[in-house]
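One chain comes next, on its own, written out as C-alpha coordinates in the form predicted on its own.
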(Lines give C-alpha, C1' and ligand atoms only; values in the text may rest on other atoms or scores of the structure.)
Protein backbone atom coordinates (compact mmCIF):
# COMPACT_ATOMS: atom_id res chain seq x y z
CA UNK A 1 0.00 0.00 0.00
CA UNK A 2 2.91 2.35 0.78
CA UNK A 3 4.41 1.81 -2.66
CA UNK A 4 1.03 2.46 -4.23
CA UNK A 5 0.42 5.74 -2.45
CA UNK A 6 3.98 6.99 -3.07
CA UNK A 7 3.89 5.82 -6.69
CA UNK A 8 7.23 4.06 -6.34
CA UNK A 9 8.53 2.21 -9.36
CA UNK A 10 11.30 -0.38 -9.43
CA UNK A 11 12.35 1.03 -12.79
CA UNK A 12 12.43 4.88 -12.92
CA UNK A 13 12.48 4.74 -16.71
CA UNK A 14 8.80 3.70 -16.57
CA UNK A 15 7.98 7.29 -15.57
CA UNK A 16 9.53 8.61 -18.79
CA UNK A 17 8.97 6.09 -21.59
CA UNK A 18 5.79 5.75 -23.59
CA UNK A 19 2.87 3.60 -22.42
CA UNK A 20 -0.26 2.43 -24.20
CA UNK A 21 -3.56 1.57 -22.49
CA UNK A 22 -5.15 -1.78 -23.18
CA UNK A 23 -7.91 -0.10 -25.15
CA UNK A 24 -5.25 1.69 -27.22
CA UNK A 25 -3.86 -1.54 -28.69
CA UNK A 26 -5.12 -3.45 -31.69
CA UNK A 27 -5.58 -7.21 -31.80
CA UNK A 28 -2.19 -7.45 -33.51
CA UNK A 29 -0.45 -5.60 -30.69
CA UNK A 30 -0.09 -2.31 -32.57
CA UNK A 31 -0.70 0.96 -30.73
CA UNK A 32 -3.25 3.40 -32.12
CA UNK A 33 -3.13 5.49 -28.91
CA UNK A 34 -0.46 6.06 -26.28
CA UNK A 35 0.48 8.45 -23.49
CA UNK A 36 2.70 10.41 -25.86
CA UNK A 37 -0.13 10.82 -28.36
CA UNK A 38 -2.30 12.28 -25.62
CA UNK A 39 0.52 14.57 -24.49
CA UNK A 40 1.16 15.80 -28.03
CA UNK A 41 -2.51 16.63 -28.49
CA UNK A 42 -2.64 18.36 -25.11
CA UNK A 43 0.50 20.37 -25.94
CA UNK A 44 -0.98 21.37 -29.29
CA UNK A 45 -4.19 22.56 -27.63
CA UNK A 46 -2.24 24.49 -25.01
CA UNK A 47 -0.17 26.15 -27.74
CA UNK A 48 -3.24 27.25 -29.69
CA UNK A 49 -5.19 28.40 -26.60
CA UNK A 50 -2.21 30.29 -25.17
CA UNK A 51 -1.48 32.08 -28.43
CA UNK A 52 -5.12 33.02 -29.01
CA UNK A 53 -5.42 34.32 -25.45
CA UNK A 54 -2.20 36.30 -25.73
CA UNK A 55 -3.23 37.74 -29.10
CA UNK A 56 -6.55 38.92 -27.65
CA UNK A 57 -4.73 40.78 -24.86
CA UNK A 58 -1.76 42.10 -26.83
CA UNK A 59 -3.72 43.66 -29.68
CA UNK A 60 -4.19 47.43 -29.83
CA UNK A 61 -7.28 48.73 -28.00
CA UNK A 62 -9.77 51.42 -29.07
CA UNK A 63 -8.59 55.00 -29.66
CA UNK A 64 -10.59 56.20 -26.66
CA UNK A 65 -7.97 54.62 -24.39
CA UNK A 66 -5.26 56.96 -25.66
CA UNK A 67 -1.69 55.82 -25.10
CA UNK A 68 -2.96 53.00 -22.86
CA UNK A 69 -4.36 51.26 -25.93
CA UNK A 70 -0.85 50.00 -26.69
CA UNK A 71 -0.30 48.52 -23.22
CA UNK A 72 -0.78 44.82 -22.56
CA UNK A 73 -2.61 44.71 -19.23
CA UNK A 74 -2.78 40.98 -18.54
CA UNK A 75 0.43 39.82 -16.73
CA UNK A 76 0.49 36.39 -18.39
CA UNK A 77 -0.08 37.87 -21.85
CA UNK A 78 2.60 40.44 -21.11
CA UNK A 79 5.06 37.65 -20.29
CA UNK A 80 4.19 35.88 -23.55
CA UNK A 81 4.65 39.15 -25.44
CA UNK A 82 8.13 39.63 -23.95
CA UNK A 83 9.10 36.09 -24.98
CA UNK A 84 7.73 36.58 -28.50
CA UNK A 85 9.54 39.88 -28.97
CA UNK A 86 12.80 38.46 -27.65
CA UNK A 87 12.64 35.49 -30.01
CA UNK A 88 11.85 37.71 -32.98
CA UNK A 89 14.05 40.76 -32.43
CA UNK A 90 17.04 39.30 -30.59
CA UNK A 91 17.20 35.76 -31.96
CA UNK A 92 15.65 35.63 -35.43
CA UNK A 93 15.96 39.11 -36.98
CA UNK A 94 19.80 39.33 -36.79
CA UNK A 95 19.89 36.08 -38.80
CA UNK A 96 16.89 36.31 -41.13
CA UNK A 97 16.73 40.08 -41.70
CA UNK A 98 13.92 40.81 -44.19
CA UNK A 99 12.57 37.26 -44.02
CA UNK A 100 11.99 37.39 -40.28
CA UNK A 101 8.25 38.12 -40.34
CA UNK A 102 7.73 35.36 -42.89
CA UNK A 103 9.15 32.63 -40.68
CA UNK A 104 8.20 33.85 -37.20
CA UNK A 105 4.77 32.15 -37.10
CA UNK A 106 6.48 28.81 -37.74
CA UNK A 107 9.37 29.49 -35.34
CA UNK A 108 7.07 30.69 -32.56
CA UNK A 109 4.90 27.62 -32.98
CA UNK A 110 7.92 25.32 -32.83
CA UNK A 111 9.17 26.99 -29.65
CA UNK A 112 5.90 26.89 -27.72
CA UNK A 113 4.86 23.43 -28.91
CA UNK A 114 8.18 21.91 -27.79
CA UNK A 115 8.10 23.97 -24.58
CA UNK A 116 4.65 22.71 -23.58
CA UNK A 117 5.67 19.13 -24.34
CA UNK A 118 8.79 19.53 -22.20
CA UNK A 119 6.86 21.04 -19.30
CA UNK A 120 4.07 18.47 -19.45
CA UNK A 121 6.73 15.79 -19.03
CA UNK A 122 7.44 17.25 -15.58
CA UNK A 123 3.82 16.96 -14.50
CA UNK A 124 2.96 13.53 -12.97
CA UNK A 125 -0.04 13.04 -15.24
CA UNK A 126 0.56 9.37 -15.99
CA UNK A 127 1.40 8.57 -12.37
CA UNK A 128 -1.86 10.18 -11.26
CA UNK A 129 -3.82 8.18 -13.83
CA UNK A 130 -2.07 5.00 -12.70
CA UNK A 131 -2.94 5.72 -9.07
CA UNK A 132 -6.60 6.32 -9.94
CA UNK A 133 -6.70 3.05 -11.91
CA UNK A 134 -5.25 1.17 -8.94
CA UNK A 135 -7.83 2.67 -6.61
CA UNK A 136 -10.82 1.86 -8.85
CA UNK A 137 -9.34 -1.50 -9.83
CA UNK A 138 -9.61 -0.92 -13.58
CA UNK A 139 -7.09 -0.12 -16.33
CA UNK A 140 -8.84 2.84 -17.90
CA UNK A 141 -6.74 6.01 -17.58
CA UNK A 142 -3.16 4.70 -17.58
CA UNK A 143 -1.64 5.56 -20.96
CA UNK A 144 -4.28 8.17 -21.80
CA UNK A 145 -1.72 10.98 -21.56
CA UNK A 146 1.43 11.89 -19.68
CA UNK A 147 5.13 11.06 -19.77
CA UNK A 148 7.58 13.07 -21.91
CA UNK A 149 6.64 13.15 -25.58
CA UNK A 150 9.88 14.93 -26.53
CA UNK A 151 11.74 11.99 -24.98
CA UNK A 152 10.37 9.86 -27.81
CA UNK A 153 12.89 9.72 -30.67
CA UNK A 154 10.06 9.28 -33.18
CA UNK A 155 8.50 12.54 -31.97
CA UNK A 156 11.74 14.52 -32.13
CA UNK A 157 12.48 12.97 -35.54
CA UNK A 158 9.07 14.09 -36.83
CA UNK A 159 9.66 17.62 -35.55
CA UNK A 160 13.11 17.64 -37.16
CA UNK A 161 11.76 16.41 -40.50
CA UNK A 162 9.19 19.22 -40.50
CA UNK A 163 11.97 21.70 -39.70
CA UNK A 164 14.15 20.24 -42.49
CA UNK A 165 11.32 20.59 -45.02
CA UNK A 166 10.82 24.25 -44.07
CA UNK A 167 14.58 24.91 -44.13
CA UNK A 168 15.09 23.49 -47.61
CA UNK A 169 11.92 24.96 -49.10
CA UNK A 170 13.02 28.34 -47.74
CA UNK A 171 16.39 27.80 -49.39
CA UNK A 172 14.86 27.00 -52.77
CA UNK A 173 12.54 30.01 -52.56
CA UNK A 174 15.40 32.32 -51.60
CA UNK A 175 18.08 31.03 -53.99
CA UNK A 176 16.03 29.41 -56.73
CA UNK A 177 16.54 25.84 -57.85
CA UNK A 178 19.80 26.66 -59.61
CA UNK A 179 21.13 28.67 -56.69
CA UNK A 180 20.15 25.93 -54.25
CA UNK A 181 22.02 23.31 -56.30
CA UNK A 182 24.98 25.67 -56.63
CA UNK A 183 24.96 26.02 -52.84
CA UNK A 184 25.76 22.30 -52.64
CA UNK A 185 29.10 23.00 -54.35
CA UNK A 186 30.09 25.41 -51.51
CA UNK A 187 31.50 27.78 -54.14
CA UNK A 188 34.44 25.48 -54.88
CA UNK A 189 36.05 24.86 -58.31
CA UNK A 190 34.46 22.25 -60.55
CA UNK A 191 37.16 19.66 -59.93
CA UNK A 192 36.24 19.66 -56.22
CA UNK A 193 32.51 19.12 -56.79
CA UNK A 194 32.72 15.30 -56.53
CA UNK A 195 34.07 15.82 -53.03
CA UNK A 196 32.06 18.83 -51.86
CA UNK A 197 28.61 17.86 -53.14
CA UNK A 198 28.43 14.59 -51.10
CA UNK A 199 29.72 16.48 -48.04
CA UNK A 200 27.07 19.19 -48.42
CA UNK A 201 24.33 16.62 -48.98
CA UNK A 202 25.45 14.77 -45.86
CA UNK A 203 25.42 18.08 -43.97
CA UNK A 204 21.87 18.72 -45.13
CA UNK A 205 20.81 15.31 -43.80
CA UNK A 206 22.81 15.57 -40.57
CA UNK A 207 21.20 18.86 -39.50
CA UNK A 208 17.74 17.40 -38.74
CA UNK A 209 19.38 14.34 -37.18
CA UNK A 210 21.29 16.63 -34.82
CA UNK A 211 18.07 18.48 -33.94
CA UNK A 212 16.27 15.23 -33.15
CA UNK A 213 19.06 13.65 -31.10
CA UNK A 214 19.82 16.81 -29.10
CA UNK A 215 16.22 17.26 -27.93
CA UNK A 216 15.71 13.53 -27.34
CA UNK A 217 18.90 13.06 -25.29
CA UNK A 218 18.50 16.13 -23.10
CA UNK A 219 14.88 15.48 -22.19
CA UNK A 220 15.48 11.78 -21.55
CA UNK A 221 18.50 12.24 -19.28
CA UNK A 222 17.03 14.97 -17.12
CA UNK A 223 13.63 13.37 -16.60
CA UNK A 224 15.15 9.99 -15.74
CA UNK A 225 17.40 11.68 -13.16
CA UNK A 226 14.37 13.27 -11.49
CA UNK A 227 12.54 9.92 -11.47
CA UNK A 228 15.59 8.16 -9.96
CA UNK A 229 15.89 10.70 -7.13
CA UNK A 230 12.20 10.46 -6.28
CA UNK A 231 12.42 6.66 -6.33
CA UNK A 232 15.31 6.89 -3.82
CA UNK A 233 13.10 9.03 -1.59
CA UNK A 234 10.30 6.46 -1.78
CA UNK A 235 12.67 3.61 -1.01
CA UNK A 236 13.90 5.57 2.00
CA UNK A 237 10.35 5.85 3.29
CA UNK A 238 9.95 2.13 2.70
CA UNK A 239 13.07 1.47 4.80
CA UNK A 240 11.53 3.42 7.68
CA UNK A 241 8.47 1.21 7.55
CA UNK A 242 10.51 -1.97 7.09
CA UNK A 243 13.82 -3.34 8.25
CA UNK A 244 15.96 -0.38 7.23
CA UNK A 245 15.30 1.54 10.41
CA UNK A 246 16.28 5.19 10.73
CA UNK A 247 18.71 4.96 7.81
CA UNK A 248 15.77 5.61 5.50
CA UNK A 249 15.18 9.12 6.89
CA UNK A 250 18.42 10.79 5.67
CA UNK A 251 18.14 8.94 2.35
CA UNK A 252 14.65 10.34 1.79
CA UNK A 253 15.52 13.87 2.92
CA UNK A 254 18.66 14.13 0.76
CA UNK A 255 16.90 12.58 -2.24
CA UNK A 256 13.92 14.93 -1.99
CA UNK A 257 16.14 18.02 -1.69
CA UNK A 258 18.22 16.91 -4.68
CA UNK A 259 15.10 16.02 -6.68
CA UNK A 260 13.52 19.43 -6.07
CA UNK A 261 16.75 21.16 -7.13
CA UNK A 262 17.01 19.06 -10.30
CA UNK A 263 13.30 19.64 -10.92
CA UNK A 264 13.83 23.40 -11.07
CA UNK A 265 16.84 22.79 -13.30
CA UNK A 266 14.64 20.70 -15.60
CA UNK A 267 12.18 23.58 -15.88
CA UNK A 268 15.06 25.73 -17.11
CA UNK A 269 16.18 22.94 -19.47
CA UNK A 270 12.62 22.69 -20.84
CA UNK A 271 12.80 26.35 -21.90
CA UNK A 272 16.41 26.04 -23.05
CA UNK A 273 15.84 23.03 -25.30
CA UNK A 274 12.79 24.62 -26.91
CA UNK A 275 14.88 27.72 -27.56
CA UNK A 276 17.84 25.73 -28.90
CA UNK A 277 15.62 23.81 -31.35
CA UNK A 278 14.06 27.05 -32.59
CA UNK A 279 17.40 28.87 -32.72
CA UNK A 280 19.19 26.13 -34.68
CA UNK A 281 16.27 25.96 -37.10
CA UNK A 282 16.65 29.72 -37.60
CA UNK A 283 20.39 29.35 -38.15
CA UNK A 284 19.88 26.61 -40.74
CA UNK A 285 17.31 28.75 -42.59
CA UNK A 286 19.68 31.72 -42.59
CA UNK A 287 22.51 29.64 -44.06
CA UNK A 288 20.51 29.17 -47.26
CA UNK A 289 20.50 32.80 -48.31
CA UNK A 290 22.22 35.09 -50.79
CA UNK A 291 25.86 35.79 -50.07
CA UNK A 292 25.37 39.55 -50.04
CA UNK A 293 22.97 39.12 -47.11
CA UNK A 294 25.63 37.19 -45.19
CA UNK A 295 28.24 39.80 -46.07
CA UNK A 296 25.93 42.57 -44.86
CA UNK A 297 25.41 40.67 -41.64
CA UNK A 298 29.16 40.21 -41.20
CA UNK A 299 29.81 43.90 -41.81
CA UNK A 300 27.08 44.77 -39.32
CA UNK A 301 28.70 42.48 -36.78
CA UNK A 302 32.14 44.05 -37.38
CA UNK A 303 30.68 47.54 -36.85
CA UNK A 304 29.31 46.45 -33.48
CA UNK A 305 32.66 44.86 -32.61
CA UNK A 306 34.54 48.08 -33.37
CA UNK A 307 31.99 50.11 -31.43
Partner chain sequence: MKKFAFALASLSLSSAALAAPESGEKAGVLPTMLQGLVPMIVSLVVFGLVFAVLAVKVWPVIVKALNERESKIRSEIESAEMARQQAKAALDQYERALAEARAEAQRELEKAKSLQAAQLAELKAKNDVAIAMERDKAMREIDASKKLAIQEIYAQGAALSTAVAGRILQRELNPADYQRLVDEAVAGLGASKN
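Positions refer to the first chain, counted from 1. Bear in mind that the values here come from a model prediction, so they are computed numbers and not experimental data.
What comes next is about the form predicted together with the partner chain, which does not appear here.
Counting any non-hydrogen atom inside 4.5 Å, which residue from 240, 272, 254, 48 sits next to the partner chain in the model of the complex?
Of the listed residues, the single hit is 48.
All three of 18, 81 and 88 touching the partner chain in the model of the complex at 4.5 Å, heavy atom to heavy atom?
Yes, because 18, 81 and 88 each have a heavy atom that approaches the partner chain to within 4.5 Å in the model of the complex.
With heavy atoms only and a cut-off of 4.5 Å, decide whether residue 130 touches the partner chain in the model of the complex.
Contact check for residue 130: yes, within 4.5 Å of the partner chain in the model of the complex.
Are any of the heavy atoms in residue 180 no more than 4.5 Å from a heavy atom of the partner chain in the model of the complex?
No, residue 180 stays farther than 4.5 Å from the partner chain in the model of the complex.
Check whether residue 281 has any heavy atom within 4.5 Å of a heavy atom of the partner chain in the model of the complex, and answer yes or no.
Heavy-atom contact with the partner chain at 4.5 Å: absent for residue 281.
Taking the partner chain as it sits in the model of the complex, is residue 250 in contact with it (heavy atom to heavy atom, 4.5 Å or less)?
No, no contact at 4.5 Å.
Looking at 203-211, 180-188, 167-175, 98-106, which stretch has residues with any non-hydrogen atom within 4.5 Å of the partner chain in the model of the complex?
That would be 98-106.
If we check the partner chain in the model of the complex, which of the residues in 56-87 reach within 4.5 angstroms of it by a non-hydrogen atom?
The stretch 56-87, when checked against the partner chain in the model of the complex, contributes 58, 59, 60, 70, 71, 72, 81, 84, 85 at the 4.5 Å heavy-atom cut-off.
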